[in-house]
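Next up: just one chain, as structure tokens, the form predicted on its own.
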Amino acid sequence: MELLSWGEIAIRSVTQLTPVWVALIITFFVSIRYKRSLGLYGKLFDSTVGMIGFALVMFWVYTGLFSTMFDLIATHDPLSQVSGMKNKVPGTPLRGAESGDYPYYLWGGDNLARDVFSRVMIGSGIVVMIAPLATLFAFMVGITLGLPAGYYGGRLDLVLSFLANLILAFPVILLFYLLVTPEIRMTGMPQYMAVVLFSFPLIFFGVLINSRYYIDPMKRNILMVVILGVLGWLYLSLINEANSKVTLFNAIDGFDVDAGLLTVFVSVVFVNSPTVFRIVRGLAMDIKTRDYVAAAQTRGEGTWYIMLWEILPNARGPLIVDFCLRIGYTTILLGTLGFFGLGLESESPNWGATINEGRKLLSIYPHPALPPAIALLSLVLGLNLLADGLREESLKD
């Protein structure tokens, strides 16, 4: 077999991504068709910038989904090394390919003879799994602490704000480095932090349900059992280590989380939570002076009801925009950690590690480092454009 031309490489790459294109077309068709009944999400499709950002983000979301969960895109095992394929240029035929193997390294091979195309595709799954979830957990922590701090003020606000400022005083990269180093991991600190930080979704939803349905105990209790039961199971599965000494935890453990992945996840939540706290606190301090909050107080509504069902919904615009931007920041941080070999395994096909492996011979072989770098750039750009589109549409309300 001969070396593929650049046109053939492009065609084969686009064809390999067929499930992604189909999913994007369906998503856009349904969204545009029913955009008038989809609230702020539907209004996003009235913004050209928002649509471009949404397309870029969903491209990588679907790529990660179809690559990791359904194995429909990657052409080779991202960790497998093939003799004779070290630093091979894009479109190089695979030596000794057996029946059923994809016959080319579409985007070339890296310095360990691994397929760059497969590593970038599989690496997208790591990013789209960690970044949004970690950001969501950070928002749970920030909202749960920021609302009472902004609403009550006083000593509670003083103490929580001091702790948030204390964390923010550390340089982010240095703080990440300290949290993910093996010495810190051996102390068990990430597990202890996970026990505390991952409990906030339970607290948030527990208070949310109770404040809304406290006048209907039957409905409240049913929702509490169902929602908190599922969240409690996920919580125990997240914090429980494999082969734990606690037999009960092993019995209900639904999945095992890699220690390095858990450390990175906890670190992202810990670093982002203080910033979210300050944003929510500021919004709560502003919104609590509005007339509809005074009307709720006059009706005799509880303080948590006012915070969660009056203040929080009216702060959703800035929070949604910040959520998108913060996912982008988290993506950059994950790439930085992977580049320095911190947290995740060094052989993991995350984009940062792939860029680091490729940059060692960048002047001679640029093809291993460029695809993951462009992928990281495009995802962060898409998130920023999506946030701009959401901000533009939210200001029209």
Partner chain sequence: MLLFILRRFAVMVFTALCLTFIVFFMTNLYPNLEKLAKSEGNFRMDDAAVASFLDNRGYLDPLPIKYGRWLGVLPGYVIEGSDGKTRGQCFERGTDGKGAPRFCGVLQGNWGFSTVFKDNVGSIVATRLSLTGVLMFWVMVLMIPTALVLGVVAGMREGSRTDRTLSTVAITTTATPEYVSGVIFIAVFSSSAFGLKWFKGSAATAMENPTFENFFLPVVTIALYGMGYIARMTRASMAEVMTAQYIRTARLKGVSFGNIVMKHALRNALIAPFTVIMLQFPWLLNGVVIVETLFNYKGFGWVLVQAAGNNDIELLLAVSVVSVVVVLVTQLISDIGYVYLNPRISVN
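Positions refer to the first chain, counted from 1. For clarity, every value in this text was computed on a predicted model and none was experimentally measured.
Below, we turn to the form predicted together with its partner chain, even though it does not appear here.
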_Whether 172, 184 and 335 jointly form a contact site for its partner chain in the predicted complex is the question; each needs a heavy atom within 4.5 Å._
yes
*Name the single residue among 189, 207, 224, 293 that comes within 4.5 Å of its partner chain in the predicted complex, judging by heavy atoms.*
189
*asked:* Going by heavy atom distances of 4.5 angstroms or less, which of 40, 32, 370, 51 would be at the interface with its partner chain in the predicted complex?
replied: 370
*Counting only heavy atoms and a 4.5 Å cutoff, which of 112-120, 159-167, 226-234, 73-81 contacts its partner chain in the predicted complex?*
159-167
*Does residue 385 reach its partner chain in the predicted complex, with heavy atoms at most 4.5 Å apart?*
yes
*Hey, in the predicted complex, does residue 22 get a heavy atom within 4.5 angstroms of its partner chain?*
no
*asked:* Against its partner chain in the predicted complex, would residue 58 count as a contact residue? Criterion: heavy atoms within 4.5 Å.
replied: no
*asked:* Whether residue 331 contacts its partner chain in the predicted complex should be assessed with a 4.5 Å heavy atom distance threshold; does it?
replied: yes
*Can you tell me which residues in 360-376 come within 4.5 angstroms of its partner chain in the predicted complex, by heavy atoms?*
362, 363, 364, 366, 369, 370, 373, 374, 376
